[in-house]
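Taking the form predicted alone, here's one chain by itself in structure tokens.
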Amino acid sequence: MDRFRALRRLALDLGVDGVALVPGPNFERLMGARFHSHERPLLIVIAAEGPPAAIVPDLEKGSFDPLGFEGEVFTWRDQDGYSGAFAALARAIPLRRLAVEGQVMRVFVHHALAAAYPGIDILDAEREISALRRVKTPEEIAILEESIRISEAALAETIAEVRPGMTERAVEGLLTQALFRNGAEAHAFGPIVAAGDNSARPHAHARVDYAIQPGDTLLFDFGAHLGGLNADITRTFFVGHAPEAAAEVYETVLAANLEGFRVTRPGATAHDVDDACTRVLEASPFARMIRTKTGHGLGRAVHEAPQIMRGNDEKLESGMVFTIEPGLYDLNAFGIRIEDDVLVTEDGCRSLTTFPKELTVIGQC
């Protein structure tokens, strides 16, 4: 099987001579290996016609060779610099127009290509390249489900130990230990553990100097990374007891979350899902607390297409995975978010997350 077929076809559709990939989600999905981005450029170029080629730092050669790359590989050493490798690439694959990942390729790699190919037209094709991984394979879905299982097991173990008086940082430490104990290879992203007013910051950082109080909301947003795929789960709990006003907000967010599931099916749009969730929030007494869109695609990147937001008329297809995560945030008081990872199926959708989401009080003695 030609693993480059889809990218060759894309190059022809875009009217370019080739597509370049650098380390990141698309590279990892294609090559089955993860490389870090650092000061040493590494990239592959898939020509619309003819064999591909790669530029690989000499120190990465031992990791790259086992991948069975089908084209010529130009290596370079720190002592010599990488301009010679780019010149060799230009001799091997003539390019006048090249499609690249605009959100992933770094400026110095872009400049190296431009220097090796005077007059080249470099096209930002991030949307088109990343679209090739929107629909997940059965193998990817299975790995996602396992990464979610690991995450949910870790969450259950963590909340069983939470008590008033603990700091957010201490709870974050418990969560991290539980994730790795249950089989995570890494964090999908830096976990969010936020209590009280900190939970009203959608991208909060755990505080070392705040003791969790009875009546606080305690928000967890985190996920395990496994086999190149990422879980992304949010659950919000109440510590000790649930104040009446905050409990009403919680039930509103839960209703919005459930409404998103109701409209998710093939042929619906990302707009439809966000609009359904947001209408529930807007119709509540808490509309002023809306601060975010409903969700985002999930897979090899934590945030990828499709973006679940009003105005995005991208149609949902069976095999897509995205988050439904409505939230309400009362600044300087509390925030509530409920996030599920959702698989679009042939006749609707299925939640890959199974952790209970009814209002839950934890940390009771």
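Start at 1 with the first residue shown and count on from there. All values derive from a computational prediction rather than experimental measurement.
Note that the form predicted in complex with a further copy of the same chain isn't included here; everything after this is about it.
Heavy atoms within 4.5 Å of a further copy of the same chain in the model of the complex map, among the stretches 101-109, 138-146, 235-243, 159-167, onto 101-109 alone. In the model of the complex, a further copy of the same chain lies farther than 4.5 Å from every heavy atom of Glu251. Mapping the unseen interface onto this chain, Arg201 counts among the residues with a heavy atom inside 4.5 Å of a further copy of the same chain in the model of the complex. Mapping the unseen interface onto this chain, Phe180 counts among the residues with a heavy atom inside 4.5 Å of a further copy of the same chain in the model of the complex. a further copy of the same chain is not shown here, and in the model of the complex it never comes within 4.5 Å of any heavy atom of Arg133.
Against a further copy of the same chain in the model of the complex, the set Arg3, Ser83 and Glu152 makes no contact: no member has a heavy atom within 4.5 Å. Shown without its partner, this chain lists Gly267, Pro94, Pro285, Gly190 as candidates; in the model of the complex, only Gly190 has a non-hydrogen atom within 4.5 angstroms of a further copy of the same chain. Interface residues of 78-99, taken as those with a heavy atom within 4.5 Å of a further copy of the same chain in the model of the complex (partner not displayed): Asp78, Gln79, in sequence order.
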